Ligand code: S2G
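The chain below stands alone, shown as C-alpha cells; this is the form predicted on its own.
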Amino acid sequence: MNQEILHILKKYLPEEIIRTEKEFLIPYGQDWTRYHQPDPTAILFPRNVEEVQEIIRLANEYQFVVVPSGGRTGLSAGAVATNKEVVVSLDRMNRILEYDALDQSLRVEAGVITQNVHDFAKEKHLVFPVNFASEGSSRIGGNIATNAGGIKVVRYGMFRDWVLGLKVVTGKGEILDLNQGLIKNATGYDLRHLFIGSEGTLGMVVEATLKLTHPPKDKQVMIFGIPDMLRVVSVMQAFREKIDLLAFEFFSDNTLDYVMEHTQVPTPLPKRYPFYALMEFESNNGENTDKVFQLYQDLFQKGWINDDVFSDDEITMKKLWGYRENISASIAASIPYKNDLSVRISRISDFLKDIEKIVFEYYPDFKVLWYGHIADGNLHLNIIKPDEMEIHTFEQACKKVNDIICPIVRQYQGSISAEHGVGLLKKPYLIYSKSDLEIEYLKGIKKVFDPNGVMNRGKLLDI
C-alpha cells in the first residue's frame, strides 16, 4: 500500500514537491511531543492552493490519509504521522499577500512563520497581539488549527479573535473563502470558526486574513517572588482589581532552575522563592505605575509578595520575559508530560487546592513543574520523566493520574486542553470537557466536510 501511494503521488504531482528521504520523514512526521514514533509515507510541499486541492482530491480518490503540517510545535500530537499517512507541509506557502492600511488587516499564506507577522506589523507601527513562546517557528496555519493562546490572552483573547477571514480546502477538496476579511457579517453560520481549532480534521487552512491593532503604550514589567501557589492567585486578583493587565504569568522555582541552566541567566531576584509572577501593564502616564507600587507596598506588608524587579525599558523587559518564555524550550529535552488545564478565573483557587492534593499524592517520585497563564485560568502542569525510566512506562504512569485529574476538571466545568489542542494525547480525555451529545455533533460536522475521513484521521475524534 505504501508503494502504491508513492506511485500515485509521483504520477499526478510535480516531482519537486515530494520528499521521501529519512531526513524529511522523521522531523516532519512528529511535533514537539515525543510519545509516538513517526512513520509517514511521504512529505509533500505544495506551492499553491491548486496543488493542495489536488493532493486532497487524490487522497479521496485513492483513500490515503493527509496530515497537515505547520511548524510542528504542537504539544498534543496533533500533527504526528504514525501510520503511513502523507504529511502536507505548507512551508513553501509562506508569502505575505496583502496589507490593508485602512482595515489594519494582513492577508497571508498559511505557511508564514508567526514571528514574520509580528515583524511586519511592527514595520507598520502596529501589532499582532497574540504572543507565545513558539512564534519563531510556529506557522499561521497551525496557530489557527489549534486556536493558539499564549501570554496576552487576558488582554487580547485567543487566536480566533484576530482572524478576519480564511481560505480553506475542505476534506472534499473544495475551496471555501470564509468571511473575506469582514468585521461585521450577519449572514448565518460563520464556518470560519469551525476551522479555527479543528486541528486539520475538516480540511486545510491555506490563507488567512488577520487583524492588527495599535501597540500598548509605555509598557512596564515586574517580576516578584511569592511564597505559595495559592497566593499567586490572590496577588493576581488584587492587581487585576486596580489596573487592566497586559499579562500575568507565573512559574515555580524548580521551573526557573531549568531556564537558568538552559539559557545561562542569573536569578531574576536576589533570593529564591517558591513561586514567581511576571506582570506586564501600561503606565497610563504614570497613573497605573502609582497604583501598582502602592498596592505592591500593601501586599509586601501582608507577606504576599517578597522581592521584585521592575523595568520599563525594552531591552530589560525582554530579558525579564525570557524567564517565562524560555520555559518550554528549557524543559523540552527532559520529555515532560504536559497537562494544559483551565477553569473559570473565579474557580481557580479551589481548583488549585484540589489538583495540588492529587499531585502530591500520586506524583511523589516525579519532579513537578508549574507555570502558566494564571490571569486567564490556564495552568500548565508538567511532569518530568526520570532519566532511568522508559518513556512509555512514564507515559502510562502519567495517564493513570490523568484519570483522577480529569474528573476534577469536569467537576469545575473546565477544559482538559486550554490552548494546546486535543490531538492524540488528549483525545481519551475529551469526554471530561464535552458531553456525549456534543461529541456526536462534532462527528457529524466532520462527516460533512470530510466524508471519506482523509483529513488527520484519528486526531481529536475517533472517526
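Only a predicted model underlies this, so the values are computations on that prediction, with no experimental measurement involved. The numbering used is simple: start at 1 and walk along the sequence shown.
Omitted from view is the form predicted in complex with (2S)-2-hydroxypentanedioic acid (S2G), to which the following refers.
Interface residue among 121, 75, 223, 196, judged by heavy atoms within 4.5 Å of (2S)-2-hydroxypentanedioic acid (S2G) in the model of the complex: 75.
Of the residues 133, 359, 335, 126, just one reaches (2S)-2-hydroxypentanedioic acid (S2G) in the model of the complex with a heavy atom at 4.5 Å or closer; this is 133. Highlighted residues 367, 385 and 394: none comes within 4.5 Å of (2S)-2-hydroxypentanedioic acid (S2G) in the model of the complex, counting any heavy atom. Partner proximity in the model of the complex, defined as non-hydrogen atoms within 4.5 angstroms of (2S)-2-hydroxypentanedioic acid (S2G), places exactly one of 43-51, 418-426, 58-66, 432-440 at the interface: 418-426. Among residues of the shown chain, residue 373 is one whose heavy atoms approach (2S)-2-hydroxypentanedioic acid (S2G) to within 4.5 Å in the model of the complex. Contact annotation for residue 328: at least one heavy atom lies within 4.5 Å of (2S)-2-hydroxypentanedioic acid (S2G) in the model of the complex. Residue 324 belongs to the set of residues with a heavy atom inside 4.5 Å of (2S)-2-hydroxypentanedioic acid (S2G) in the model of the complex. For residue 380, a non-hydrogen atom is located within 4.5 Å of (2S)-2-hydroxypentanedioic acid (S2G) in the model of the complex, even though that partner is not displayed.
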